[in-house]
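Just one chain is shown here, as structure tokens, and it is the form predicted on its own.
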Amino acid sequence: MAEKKKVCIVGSGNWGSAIAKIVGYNAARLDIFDSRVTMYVYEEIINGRKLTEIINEDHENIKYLPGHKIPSNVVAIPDLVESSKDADILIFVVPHQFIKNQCEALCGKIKPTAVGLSLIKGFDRAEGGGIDLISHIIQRYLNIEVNVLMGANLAGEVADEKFCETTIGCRSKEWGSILKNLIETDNFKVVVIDDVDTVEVCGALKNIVACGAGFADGLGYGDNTKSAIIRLGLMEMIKFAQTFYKSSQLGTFYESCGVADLITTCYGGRNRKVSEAFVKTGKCIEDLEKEILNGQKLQGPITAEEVNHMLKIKNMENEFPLFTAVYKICHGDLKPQLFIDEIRNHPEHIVKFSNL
């Protein structure tokens, strides 16, 4: 009989805690998984108690996902190496700016046969210009296969068990089946595809577009304007993927990780919400993060900066005016009131005829 696969969740924010509900449930009921799931938790003191103590005794992450019970077989551990050392499956769900330090801590400390699943949405700057996918960073540091999960998955709604879909990008059919079993429930449906890099690119870029949607909301524009922003943003996402990731498949944008996640984030995500407040209050992004996100980090502005770093080097900023405008606004180089002016003459606004 095959040895049961042990699972570790690296991260315990609202998305990590929501996934812990699903993974804990499936690990407890399916024979292929060890029922004990470890979860790395950055230790904090909440009302005089350690957060790990609260999760392990009360089975609730009262800071990041209050009101939702985490299965009792999910064990919170404050030491990253201790939580991860025996895992066959490592689920990474932390803000992308922290991943390098965590990989450095794990290097040589995990099973060489382990497989990763990244839920992290964002990029990192590559040496010499360009960007690095988070899954590539994890794979390079830890020398393990890394797959990705992205989709229209607002953490609160997933935790509420409201029906939704997600996309897993996986290069192996065998692991695709295993990961689908670990993640899927009746209300959280999984589609597995092999276009791994494009799945991840979608998850990062949609946060930039959501910032633009939030700016428009803050300025009082309506749904027509937001629809235009979503469409132009989608076209820039497709162009970006097809330009820099030559194996990109157009069909991936029709999956949950693509247009569905883009729509959801532009209407209900934290990047939209904070960007709207940014316009209405005049406060800086960092202050609004503290006020609105309860310690969670905003990914859109950071991703916009990383993407712009590469576009500027390649002299391609004008080819991605929406991405560029969002970066400039977040960086303080452009007033939000000028956002729509920046996309009025978008390259997509051209005469198009089919060849007859």
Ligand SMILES: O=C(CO)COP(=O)(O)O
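Note that the coordinates shown come from a computational prediction; the quantities given were computed from them, not determined experimentally. So that there is no doubt, residue numbering starts at 1 and follows the sequence shown.
Note that the form predicted together with the named molecule isn't included here; everything after this is about it.
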{"query": "Per-stretch contact check against the named molecule in the predicted complex, the hit in 83-91, 260-268, 108-116, 223-231 (non-hydrogen atom, 4.5 angstroms)", "finding": "260-268"}
{"query": "Residue contact check: Val75 to the named molecule in the predicted complex, 4.5 Å heavy atom", "finding": "no"}
{"query": "Heavy atom of Leu133 within 4.5 Å of the named molecule in the predicted complex", "finding": "no"}
{"query": "Distance check, Thr252 to the named molecule in the predicted complex, heavy atom within 4.5 Å", "finding": "no"}
{"query": "4.5 angstroms heavy atom contact with the named molecule in the predicted complex for Leu179", "finding": "no"}
{"query": "One residue of Ala241, Ala152, Ile168, Ala216 in contact with the named molecule, assessed in the predicted complex (non-hydrogen atom, 4.5 angstroms)", "finding": "Ala152"}
{"query": "Members of 193-220 lying within 4.5 angstroms of the named molecule, judged by heavy atom, in the predicted complex", "finding": "Lys206, Asn207"}
